[in-house]
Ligand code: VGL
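Encoded as structure tokens, the following chain is the form predicted on its own, with no partner shown.
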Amino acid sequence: MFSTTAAIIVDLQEDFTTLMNGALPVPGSDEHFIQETAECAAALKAQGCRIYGTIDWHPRDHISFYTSHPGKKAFDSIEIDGHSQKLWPPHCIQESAGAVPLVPPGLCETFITKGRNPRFDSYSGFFDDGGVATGLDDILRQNNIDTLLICGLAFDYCVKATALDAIRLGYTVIIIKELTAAVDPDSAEQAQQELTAAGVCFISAASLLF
């Protein structure tokens, strides 16, 4: 049923969850959310769907951290090379506890790391802001994947960016809506509109599995 379908679990990491009191917790990312995501992914895998994860993997001096910009504070926006950059608290630092994915061992075939280059942010699981590919597209094409089921954190940032890049790359994209959570209701509404206009579909986990 899912031989050409893959699920992408976006950035389900300690620092993004309320469950673990992370450095940048997304509202709604509690124990129930983590459990439901894992159970859905396990059920998909049992039906032949490949499961992949993306994780932020930042150096300590990453450009998106407000601590890298003297005089700035968390959630400020600044101009960098002609584009707006939102500044975040330091999070998902390489080798730190906060970067650990909250996914059962063995569920994901591999984790794609992003945001490794200190000079570029990387919301998308496919490319950083400098246009450098993460390798996710290559892996999917090697496995003849043409349809993506996307869930994870956060809906209005990394889930959105990953889904939009997937559409541009020619994939059919479906977001499992209740298995995402957003940073902000207003940006979530805007993200929903952008994604729908781009051709992204939305489905419930129950409809998908049963």
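Quantities reported herein were computed from a predicted structural model and do not represent experimental measurements. Numbers follow the displayed sequence, beginning with 1.
The form predicted in complex with this ligand exists for this protein as well; it is not shown, and the discussion that follows is about that form.
153 is the sole member of 176, 41, 163, 153 with a non-hydrogen atom within 4.5 Å of this ligand in the predicted complex. Though this ligand is absent from this view, in the predicted complex it lies within 4.5 Å of a heavy atom of just one residue from 52, 171, 33, 157, which is 157. In the predicted complex, no heavy atom of residue 19 sits within 4.5 Å of this ligand. When this ligand is considered in the predicted complex, residue 23 lies well away from it, no heavy atom lying within 4.5 Å.
Using a 4.5 angstroms limit between non-hydrogen atoms, residue 88 touches this ligand in the predicted complex. In the predicted complex, residue 11 approaches this ligand with a heavy atom inside 4.5 Å. Heavy atoms closer than or equal to 4.5 Å to this ligand in the predicted complex belong, across 52-73, to the residues 56, 58, ordered by sequence position.
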